[in-house]
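Shown below, as structure tokens, is a lone chain in the form predicted on its own; questions about how it binds or moves come after it.
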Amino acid sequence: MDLAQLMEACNQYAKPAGFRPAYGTAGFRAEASLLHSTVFRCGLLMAARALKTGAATGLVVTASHNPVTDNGVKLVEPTGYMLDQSWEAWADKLADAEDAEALCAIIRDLYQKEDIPYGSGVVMLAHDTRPSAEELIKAAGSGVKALGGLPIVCGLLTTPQLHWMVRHCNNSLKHTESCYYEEIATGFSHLVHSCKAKRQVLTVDCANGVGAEKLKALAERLSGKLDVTLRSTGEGGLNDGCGADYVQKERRFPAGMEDCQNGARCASLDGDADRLVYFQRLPGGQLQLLDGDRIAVLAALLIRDILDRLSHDAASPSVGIVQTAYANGASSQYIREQLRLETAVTATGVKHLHAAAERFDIGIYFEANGHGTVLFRPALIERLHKLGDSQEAAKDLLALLGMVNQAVGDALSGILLVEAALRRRQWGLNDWAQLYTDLPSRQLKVKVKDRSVVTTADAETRAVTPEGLQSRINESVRGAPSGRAFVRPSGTEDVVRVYAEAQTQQAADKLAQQVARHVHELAAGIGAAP
């Protein structure tokens, strides 16, 4: 490590005065013009992480479902997973260093405490469609080079594609974008090859993001097997009145799809294509949402159908579903009582769900926002390969393994998962929707000076601070029929998110408003200055 060269590079990417970046659920996000120093420092971090692990790491410049004026960075482990949580503190220290001298001191401390060897680490870089991406990718590459690393610029990709590529690269597998399409398309083709159900056209809101180009490429690879019509492909603003987050949170039709026909099969991606929700228009004109909870249930039904045909030479594989407190209570009840599957509840953030899902032979995790996937334990994969030549069910499970992204939630892979599951059961969206009836819910957010003043416990279902907040929430919940509510600080902005559900929509709305008022009264005015 050349300290003089490092100091010079650090001086080129000075942190804006007063800017206090904080590592959120998956990385950093802010208004794009503030982020050059942060992304440069993340380049430093991932170059060091590559040296520590002796394998390629990754970095994606994206702000996911945020407005186009924002940007951010997501960090990728050699496994393809999100950054190891033990290194999040280093990310915060580097991002918050006031000047080049302080930054170099932290780098020296990092090398010493983590016992990092000197050398050249490989970091794979990608970005979404935001106009600020070009300069920020240069900043990331400069950070990698400043530690003597090798940045590999992979260009315009969805976030899950870069995760997939890093994972495959480190497993000595083909890891080009073309290979990504080939692998997930091959799995899908196997799972639906004997289905007799008539194909239905799927109309997809692409949030004016990177998913439009990439889903088009996937559909071309699956010509004759997957029929899609793409909307919001770039003609409007990124995530502007469209996208999975908009549809899931607002329960409104996305821009460009307000005229969709009753019963039409529709879906929405988010800006970097790692979230997916389905929806349809009901005869009365209202939107019916089929969110991540329902995708998890549908995946479990597909897996159960296949496992029922699998002859076991050992114990039956364990299957579990991981959710967060945002999961609708009706979905959790259906999983326990009808599917009779083991469940786990974790804090919000796929890094928590992913870790919990690894405890099962087949772990299914989806947040209600549509971010999730299905994980297969390595020991089970080995068993399936041994059975594959003799059992069609084992072949089906291996096809499913190839179709779903083992690194992270992936909206393109998720579309194939949903379409395969529906087609094999000869179901439409109405059949899927009738599995259970969601309890009415409402989500709100309260602007605060400092989100850290709200802390939680028990998988974010109980507020610890400010003092007295949880008792107020409990009192409001007692007054709502079948009521449930919780609050949590956002992982990306200074707001506190409120979730409430109850027996009726009116009761859920009222409960959410009451809880939001409690947050405003007890937390909105305390903490750091805006």
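Just count from 1 along the sequence shown to find any residue number. Fair warning: this is a prediction, and the values are worked out from it, not measured in the lab.
Below: the form predicted in complex with a small molecule, not depicted.
In summary, among the residues 349, 402, 234, 317, the only one with a non-hydrogen atom within 4.5 Å of the small molecule in the predicted complex is 349. For the options 249, 377, 424, 93, the one in contact with the small molecule in the predicted complex, meaning a heavy atom within 4.5 Å, is 249. Shown alone here, residue 67 lies farther than 4.5 Å from the small molecule in the predicted complex, counting heavy atoms only. The small molecule is not drawn, but in the predicted complex it has no heavy atom within 4.5 Å of residue 485. Put simply, residue 369 is close to the small molecule in the predicted complex: some heavy atom of it is within 4.5 Å.
Within this chain, residue 25 lines the site of the small molecule in the predicted complex, having a heavy atom no more than 4.5 Å away. Screening 467 to 475, 46 to 54, 25 to 33, 500 to 508 for residues having heavy atoms within 4.5 Å of the small molecule in the predicted complex returns a single hit, 25 to 33. Proximity of 275, 326 and 493 to the small molecule in the predicted complex is complete: all three residues have a non-hydrogen atom within 4.5 angstroms.
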